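Here's a solo chain for you in structure tokens, the form predicted on its own.
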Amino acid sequence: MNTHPPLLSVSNLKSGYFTRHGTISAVDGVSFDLHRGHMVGIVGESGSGKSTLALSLLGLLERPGRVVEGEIRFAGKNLRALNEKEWRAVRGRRIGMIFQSPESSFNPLATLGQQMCEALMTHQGLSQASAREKAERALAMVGMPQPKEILKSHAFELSGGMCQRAALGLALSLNPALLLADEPTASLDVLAREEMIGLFKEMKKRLNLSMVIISHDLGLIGKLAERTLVMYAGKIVEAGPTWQVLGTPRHPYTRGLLACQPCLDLEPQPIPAMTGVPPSLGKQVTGCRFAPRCRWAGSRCMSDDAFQLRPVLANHHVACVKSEGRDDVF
């Protein structure tokens, strides 16, 4: 057990989108801790609230979105109490982020060198020459060939893998203590994906980097994260050590996600898909939100506390009434 205080502590975080058609509760009571030098993975279907959670953590949730409740503490500081000027001292410098589409996170009209140097000069007060030298070192650190020439390029001139490396290099050049990565390998081919996984492992070891990794790729999470959170309909439905969550899943939704993963060791066969669709986040649902899609749902699943996390093993929690105190749940 880690006796040091967590680098990031999220408690009962609730974020929503307030529209004229009603409120959409995209993040509903999420809590977790992340210690220095550790990685936590967040998985779930599209629309489960993962990206909204990441934007909430970095204070980037724009209207009509808003964080409405809960606490976000980073290095002992309450981030929800910061004003916009104070946030600018945290974003990039203390908490970095790799967005889901690395190509769109760069300005297409400016070279990578111009953008990286501007960030370094703004956040670290470097001269233009020093900023360019540090930008070159950052690109070299993430395995970018000919970094001096790459700095003269625009994002649209790079491949998906190179653009992802450039985004990582930009984030790491500011020496953040925490990195948020939203689908960091989604646009990459198999080879580039494996290279990126190796790069994340190296950066964690070399820089003692802490990371929150958001992904549909359970294989990526399995290789990088010590702890995994499974999100469904804005809530965490399973949380625990990655080897337990992915090795012996206790929630039907987690089991469904794992069943949908292709297996290259077997003969080609159709990939099963979960039936049904996620519930509308704009409607109040009594009981378990996954029940309409769950083959094991029963009357207890309609109770008010059915969708609350409960311990099943040490450090392993599941939001399923059928998992209480049993190893042979399903």
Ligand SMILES: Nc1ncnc2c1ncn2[C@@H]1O[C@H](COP(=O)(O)OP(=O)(O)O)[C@@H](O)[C@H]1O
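Here the structure is a predicted model, which means the values were calculated and not measured. We number the residues from 1 along the sequence you see.
Beyond the structure shown, there is the form predicted in complex with the ligand, which is absent from this document and is the topic of what follows.
The partner is not drawn, yet in the predicted bound form one stretch among 300-308, 66-74, 23-31, 287-295 has residues with heavy atoms inside 4.5 Å of the ligand: 23-31. Using a 4.5 Å heavy atom cutoff, none of W87, G92 and E118 lies near the ligand in the predicted bound form. With a 4.5 Å cutoff on heavy atoms, V40 does not count as touching the ligand in the predicted bound form; it lies far away. Under a 4.5 angstroms non-hydrogen atom cutoff, the ligand in the predicted bound form has L281 among its neighbouring residues. Mapping the unseen interface onto this chain, N315 falls outside it, with no heavy atom inside 4.5 Å of the ligand in the predicted bound form.
Residue contact check for T19: one or more of its heavy atoms lie within 4.5 Å of the ligand in the predicted bound form. Of all the residues from 75-114, none has a non-hydrogen atom no more than 4.5 Å from the ligand in the predicted bound form.
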